[in-house]
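First, one chain by itself in structure tokens, the form predicted alone.
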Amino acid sequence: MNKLWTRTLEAVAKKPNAINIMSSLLAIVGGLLFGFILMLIINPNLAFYGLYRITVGPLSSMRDIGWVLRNAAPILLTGLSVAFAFRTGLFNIGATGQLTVGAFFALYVGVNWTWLGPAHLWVALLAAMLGGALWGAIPGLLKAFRNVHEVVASIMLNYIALHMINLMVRMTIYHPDERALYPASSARLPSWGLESVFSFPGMNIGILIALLMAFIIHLVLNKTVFGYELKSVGLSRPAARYAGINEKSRVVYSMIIAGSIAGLAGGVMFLTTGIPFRLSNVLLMQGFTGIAVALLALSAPLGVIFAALFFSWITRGGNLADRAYDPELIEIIVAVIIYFSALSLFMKQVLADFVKRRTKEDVQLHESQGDVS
């Protein structure tokens, strides 16, 4: 039994991906357990029912699954944006501002450029990426050439984007209901039959676009020289410079790409009639949820897919559990689960240290037993 345990620990230690998966799962279980304890304190008679609705409730109908998939698309993209920056040594906390700018670019094209015909939707999505890229380039340039920390720059840019886009909407595509105009039908995301499959009005190909982007980012980071250079700069800028890599340009490119992905999230969210772009003084939360998604996925592009689906899943489950608990309590529980999941990076370090320590102890034990024999 001890030999089997030792071999298992050694196998896990040699496979970082196994540690990543285990740490993320431990974070999820810990968050769910904390939420369950909170439900026991508030209303013990309905605690098991509430936990069941949060975790299993979205399986009750195809409509609920459709809700999960549609709402996972923007947080998957913002999670990819943050994860991409993380992998290159940058903290893109400005994803929500980039999403907002991208949404305006997409809606402006979607409302006004009806002459594009069949290309209307795709040009609107490209415009969203362009808007996000331009907004992401600003903290990238400040970081590369003036060493301004990207967290400070991007936080300030979030609020600039919020109020600037409110002004731009009022000047160009304003609707009297305090929202932007809906895009023309030619610029709306099609359903490609998904609306019928999931019996969910408003279901569209947004999730397919997000999944495609996740695979593209995975290939760029792990299968290209450009991706290797970006990760090298993230690991050590002096070492990258010594190796002949222009680290300043790679920092700018990283933030441009991260911004374009977040901008695409804005296009995916609002190139539809289901969710209006409302004028508000509150930042869009999808950008901040993307930070938690990236942390839970430990910045792995393919892991972001599962993290985004999980967050969308428990959010829908929380909506379904509001029959047992007040909506405010459900929101607290879901928020606890989400941000407890963000501790996966800490869990990874703890688990890695535990595996390393136990493997070393078991090896020393077997060596001492061999000496005795």
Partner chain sequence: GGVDDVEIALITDYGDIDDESFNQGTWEGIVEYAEEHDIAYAYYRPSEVSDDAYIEEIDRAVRDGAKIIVTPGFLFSQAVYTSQLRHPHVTFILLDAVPEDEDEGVFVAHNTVSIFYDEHESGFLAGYAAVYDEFTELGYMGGIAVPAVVRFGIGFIAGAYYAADELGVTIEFPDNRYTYLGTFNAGADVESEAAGWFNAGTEIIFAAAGGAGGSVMSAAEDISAWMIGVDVDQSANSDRVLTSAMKALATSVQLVLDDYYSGKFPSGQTLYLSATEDGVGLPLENSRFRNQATVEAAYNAIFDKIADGDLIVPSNYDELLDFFTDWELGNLPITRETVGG
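Residue numbers count along the first chain shown, from 1. Only a predicted model underlies this, so the values are computations on that prediction, with no experimental measurement involved.
Note that the form predicted in complex with the partner chain isn't included here; everything after this is about it.
- Considering the partner chain in the predicted bound form, the lone stretch of 252-260, 101-109, 123-131, 174-182 in range is 174-182 [heavy atom distance within 4.5 Å].
- Checking I209, L194, A137, I275 for any heavy atom within 4.5 Å of the partner chain in the predicted bound form turns up a single hit: I275.
- Proximity of F198 to the partner chain in the predicted bound form falls outside the 4.5 Å heavy atom cutoff.
- For the chain shown alone, F310 is not a contact residue for the partner chain in the predicted bound form, no non-hydrogen atom being within 4.5 angstroms.
- Not displayed here, the partner chain is kept clear of I305 by more than 4.5 Å at the level of heavy atoms in the predicted bound form.
- Although the partner is absent here, R188 sits close enough that one of its heavy atoms falls within 4.5 Å of the partner chain in the predicted bound form.
- Heavy atoms closer than or equal to 4.5 Å to the partner chain in the predicted bound form belong, across 37-62, to the residues L46, Y49, ordered by sequence position.
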